[in-house]
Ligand SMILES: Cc1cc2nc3c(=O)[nH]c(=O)nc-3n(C[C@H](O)[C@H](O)[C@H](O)COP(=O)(O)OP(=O)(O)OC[C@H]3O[C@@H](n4cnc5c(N)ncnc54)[C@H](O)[C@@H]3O)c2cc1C
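As structure tokens, one chain now follows by itself in the form predicted on its own.
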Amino acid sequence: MTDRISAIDPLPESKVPAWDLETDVIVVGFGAAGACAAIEASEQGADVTLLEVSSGSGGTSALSSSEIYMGGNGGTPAQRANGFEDTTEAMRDYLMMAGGPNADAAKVALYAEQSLAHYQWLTSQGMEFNTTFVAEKTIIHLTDDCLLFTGSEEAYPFNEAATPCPRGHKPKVEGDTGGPYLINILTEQVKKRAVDIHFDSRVRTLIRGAQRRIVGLVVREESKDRYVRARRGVVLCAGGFAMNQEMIKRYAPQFLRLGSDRAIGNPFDDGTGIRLGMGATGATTNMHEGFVSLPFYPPANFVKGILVNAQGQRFINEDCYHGRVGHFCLRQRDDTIYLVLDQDLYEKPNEYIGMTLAGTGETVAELEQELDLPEKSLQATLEVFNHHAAQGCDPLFGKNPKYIKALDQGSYAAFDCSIGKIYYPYFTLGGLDTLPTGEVLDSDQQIIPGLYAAGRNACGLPRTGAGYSSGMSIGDATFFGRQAGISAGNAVPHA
């Protein structure tokens, strides 16, 4: 049985019987990152071959809402139209903090500096954005409005490090169809160029020549192995490893608590691209990290409630991004999480996550008893919270005053947000260690000649669930897919 989590060793060039196809640049994966890499490599004058394991383009990008995190340089048209003058420095500072202790300063700086130009590139490809702003906290909005706060920009501690600004840009489409819209546009742009597209093509291994250089790959097509030579480079854009439970167990075992059916991705997010890079001595980083969400709002009023654990204690400022909330839920010592509300805030929850009523009480003590929390625990939590909420502050967790309300009106209720009982979606964030140019590095931080990576095959802007913001993944995939394509397309052909 093949070990699905071992590195895939390259084939020595000396063992290639004959080249079945020769090209300048091979791109592996036809999602957003691969499409952008192919477009830009072709724009540099390179012959490009694009290999996709499935029967069509899209990848996991097609499953997304396609919000794209953009700003800086004074602001995008949508930001400026709504009075937001976003600075490159503020965007950079936020992204650095969102990236956590292992944030990539070089990637963050390049993205912040060129984000507005990237917006213009996307629109030049055919993407359209309105200039309307949605102020209310939401997770998925179904209108064709554009601009949103899609992270923790207004929440502590991020609002102390950088001036808050909305940077999530949803394309001009109604419903949750931004992903297909983006992929359709990028697919058409790829087809306008002289890109040789192969579907139903599974890459089996890379091919290594002298000085560790990657000179091509072996691909399985129509039940036959074909040897494809890449004169300039191979760009890996084949997705993450959320669908590979063996890799999850080895690298990010905390997500096993959520169940394999909670993984977000397509069936081919099995880590193949990462393992190909590892076999070529590529280093990985942040493989233990991932996005996990507790989408407990809308309704937006739920943000004014409090989340407590099995000890009846708060553990997060509830106004931060739902992915940061999910990250901290997963860090609690058991699976029990409740959303506590008073009579003023009580509404029917969003049905799609499966949140049910866990208990009610005319008093906090009654609710505490019904939830089987330690005696006096919830009472103490609410006594402290309400004392400070009456003054419009939250000194324990720094909740934004506009979401602070004393929970002291009438009866009480708690919704069950426990892990294993409601929808906690997740995906991986770790991948190959790369330069902003897309070049893959080894463990000594040396470039592996001829090998590039982008999208979920690389570890890019989003590095930790604690700082993730919606739009970072598509922004990262499209922008750094472009950088990898430009680099590979401009590489000096090897002999």
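Don't overthink the numbering: it's just position in the shown sequence, from 1. Treat the numbers as computed from the prediction; the structure is a model and nothing was measured.
The next section is about a form of this same protein that is not shown, the form predicted in complex with the ligand.
Annotated contact segment (heavy atom within 4.5 Å of the ligand in the model of the complex): 199-207, selected among 123-131, 199-207, 155-163, 335-343.
In summary, among the residues 450, 438, 431, 59, the only one with a non-hydrogen atom within 4.5 Å of the ligand in the model of the complex is 59. The contact residue chosen from 272, 115, 317, 79 relative to the ligand in the model of the complex is 272, the criterion being a non-hydrogen atom within 4.5 angstroms. Taken together, the three residues 266, 455 and 474 all come within 4.5 Å of the ligand in the model of the complex, as judged by their closest heavy atom. The ligand is not shown here, but in the model of the complex it comes within 4.5 Å of a heavy atom of residue 33.
Taking the partner from the other structure, the ligand in the model of the complex has a heavy atom within 4.5 Å of a heavy atom of residue 67.
In the model of the complex, at least one heavy atom of residue 29 sits within 4.5 Å of the ligand. Of the heavy atoms in residue 237, some are within 4.5 Å of the ligand in the model of the complex.
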